[in-house]
Every structure is written in structure tokens, then in C-alpha cells.
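First, one chain by itself in C-alpha cells, the form predicted on its own.
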Amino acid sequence: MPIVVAFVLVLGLVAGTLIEPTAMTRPPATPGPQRDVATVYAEVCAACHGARLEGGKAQTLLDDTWTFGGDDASMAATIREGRVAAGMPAFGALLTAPEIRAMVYYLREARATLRAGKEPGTSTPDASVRKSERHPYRIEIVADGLTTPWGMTFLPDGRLLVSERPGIVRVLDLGTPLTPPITGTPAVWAQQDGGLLDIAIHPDYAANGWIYLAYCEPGPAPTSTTKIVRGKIRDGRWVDQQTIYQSPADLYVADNTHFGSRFLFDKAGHLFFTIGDRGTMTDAQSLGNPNGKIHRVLDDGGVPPDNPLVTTPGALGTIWSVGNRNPQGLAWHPVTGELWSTEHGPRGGDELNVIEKGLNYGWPAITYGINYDGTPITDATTAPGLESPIAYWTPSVAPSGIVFYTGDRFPGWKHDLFIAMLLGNQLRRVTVSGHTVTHQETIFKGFGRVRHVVNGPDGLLYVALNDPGRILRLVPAD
């Protein structure tokens, strides 16, 4: 049975205040040592609700029947205050507020996992007609044999420019055998999450030929940093490299996680790029640290004078937003012009956000997730001056690249948001109305980890898979 990934929608507009330095240093509200939530469940819940949530003295937690409400707040209130008349004791004196929040998360995660069963193995898509809610379609494999493709963008002549995580750049004529890699590209730190990540072309590429790369550069072992450069391809070789952004040497990090590194240009030629918190959550709230932020620079790496923190003492002028844990998706809404982003949460709490100038998106002071070891981070999911997500996913779906569909070949998908999800090996279609997610549909799953999705110049959708490394094309079947 395929995994059914549970999701919870957070409704309402994203609104808030400009970044204030005093708010950036606020630590997560985690008083004292916290316990693994699975251990807490086994100790205080399993005797009544069953070791696998199957029920016993008390009702099962695997169905959708919630006598006292199944939303997060109601579940937390039941755990904290009890339902004495129904035989449910209060645990507010035994569990801390973060532990109660973690228990709500754990119940959602365990329910989804147990109800879904074992995840199927990876298969190869064939040319059969597949059905979705709005369009029948076929899947075509247009490139195969890649090694962890991460970023992709189309050149004006219709060829596809692809970055592969070990440090490979290729220019692909789709549907033909792989061409040799571009030579002379920079050496990368290809450890764990690191390597060569996103790739983009300048908005005026036809005139200037600039190509942008985000990659992990090694420093003194075992440290590394996110570096952004631009260069050109001439006669199959990377040339004319210029540094656009690089952290100071004293801010290189030994942790090999959470690099972020997604690119997006705006209509004025500014380059937006993301950097994850690099495994140190508190850095996301430090205005003097680039990690855990979305940045905005001029096309040559200069700092735009209208960036929100240009005049703030001690702050990095490139910062556009803060409190972003590990954002790996950026897209412009084709109607409103707003900047949308997906963000990896910790264990649960993956987010979809609308990014606005100078706002704080809360990590780690607020989150819907817990630590990977099962301990809570905080009980706070909202706080004044911190932005709540448009939607969040529990359990994790590991959202990566995103795009709003703008082609004409799938009219029923026009302006819907497509999200590449690494967990569940799925491509998800998301319908939004204003700042509200109204519907989600899994278009396909089970063909490999879905890393990125882009619009093609032919009006089709192109999808990058990892494990195996492939590029897929979705084609209408009618």
C-alpha cells in the first residue's frame, strides 16, 4: 500500500512586522531536558491506547473519530487537561508544554505511518496513460543516467542545463544520449547534503551568457560553506568565473546539512538565494550570520540599497528574510507576483510560506515539528511578530523545488503550484486561493526521490528525480 502523507493546513494571511534585532535572538522555549516522545507514549499512553495506537482500554487512535476534537489545539487540551468523565486522566502535571506539543505531532506521524503501510520500491515509469483529477497524461523519460540531478533550467535554444550534486554540469539535448560534462567547473564539497546544488541563468542570458551556480565549498577540514558564483560556458568549458557570494572564513561550518541553495531572479534582475541553518538552529535568528535566511543581491553580488537590513548595525545587508530553516523551493506567483517558498522542517513541520521583505519566519522559536531524536523543540507554533506558514506537513514530505504551472498544455493545472517531494517519491499539485491551500493531489509517486520541477518552453512540466537520476516530462494524453 503506498504511503499516504498526512497534511495539516494552516489558514490565514501571512502578515507581520519588519525584522527587529531584539526579536532575532529569542531562543526556542524549551525548558529543561526533554524526553523522546516515543518513550513518553510507551510510558503513559500505550497501556490504554495500545503500543501501535490500535486501542485497548481506550479508543483506537488510528481512525478519524475524535470525540473531543482532532485539531492540534483540541488534542493538546485533551492531553493536558484530560477528559475525566470519559476516563482520560490529565497529564499537564506530568508532561511539559513542549512534550505535549511533541505528543500531538507523534500521534499524527504514527497514525499516518501505520495506516499507510510499507513504502513501495522504486519503479520505472512506462508510457501508459495515467489519470489525475484534471488531466490524463503520460510520462516520458527524456534523460537518464544522471547522478543526483539537483537544479535545472532551460536555455533560450531549448536545451536543458542541469547540475548534478557530485559537481557535474551538463547541457542536455533531451531525448538523446547524455553529453559529456562541462569541464573546469569548481570543486565541490559533496558530503551528505552538500555538493553542487542549484543552477540558473541570467534573465538577459542571450546577451551576456552568465550562468549561476550554488555549491558547497570546502574550507579547513571538516568545514564548508555555501558559495555562489557565476561564469560562462565556452567550447564545453566553464570560464570567466566570478564570486557572487561567499561566507567569511570564520563562519564556515562543520555540519554537512541544510545548505538550502535554491535560486530565483526577479523581473528587475535581483538574485534571490536560500541558505539553510547548517544544523545550528539558533543561527537562523542571528542577523550577523548568513545561515537560515533568504538573501537578495544584485546580479553581480552587490547589495541592493533597498534591502531591509542595509542600515541595521551588525546585520548582513543581503538578508531578505530570516528564520528559514532549510528552504529548497522558490517560485513567483504568476498572478500576484508574490514570492513563495518551501522549507524543510525538522521531524515534521515542513512548510509552505509566502516570503515578504524583512519578515521573520520563526525558526526555531516556532515550529510544527520535533527533533529527529523524538525530543520536543518548543510548544510554540505561533508568536507575535513571527510568520506562520501557509501550510505545513506532518509527517515530513521533504519539499524541494517548486513551480507554478504557467503553460497552456494542461489548462486545468494553470497557476497551480507543483511541489517536488523527496519523501514519498512524489510530485504534488497544490491549489491555492489567496494565501490558503484549498486542495492537494499527488500526481505521481514511486519513481524516485523528486528533487525539482520546472516549466518547459513547450508548455510541459519537467521533473528531476534522484535515485535513479532521471529527467521526466509530463505530456497530455488527450
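Being a predicted model, the structure only gives us computed values, none of them experimental. Numbers for residues come from their place in the sequence shown, where the first is 1.
Missing here is the form predicted together with a small molecule; even so, the following discussion is about that form.
- The three residues 221, 245 and 275 each lack any heavy atom within 4.5 Å of the small molecule in the predicted bound form.
- Not displayed here, the small molecule is kept clear of residue 289 by more than 4.5 Å at the level of heavy atoms in the predicted bound form.
- Although the partner is absent here, residue 411 lies well away from the small molecule in the predicted bound form, with no heavy atom inside 4.5 Å.
- Interface membership of residue 432, defined by any non-hydrogen atom within 4.5 Å of the small molecule in the predicted bound form, is ruled out.
- Within 4.5 Å of some heavy atom of the small molecule in the predicted bound form lies at least one heavy atom of residue 59.
- Only one segment in the set 417 to 425, 432 to 440, 445 to 453, 44 to 52 has any non-hydrogen atom within 4.5 angstroms of the small molecule in the predicted bound form, and it is 44 to 52.
- Site annotation in the predicted bound form: the residue of 95, 146, 315, 281 reaching within 4.5 Å of the small molecule with a heavy atom is 95.
- Checking 79, 200, 352, 359 against the small molecule in the predicted bound form, a heavy atom within 4.5 Å turns up for just one residue: 79.
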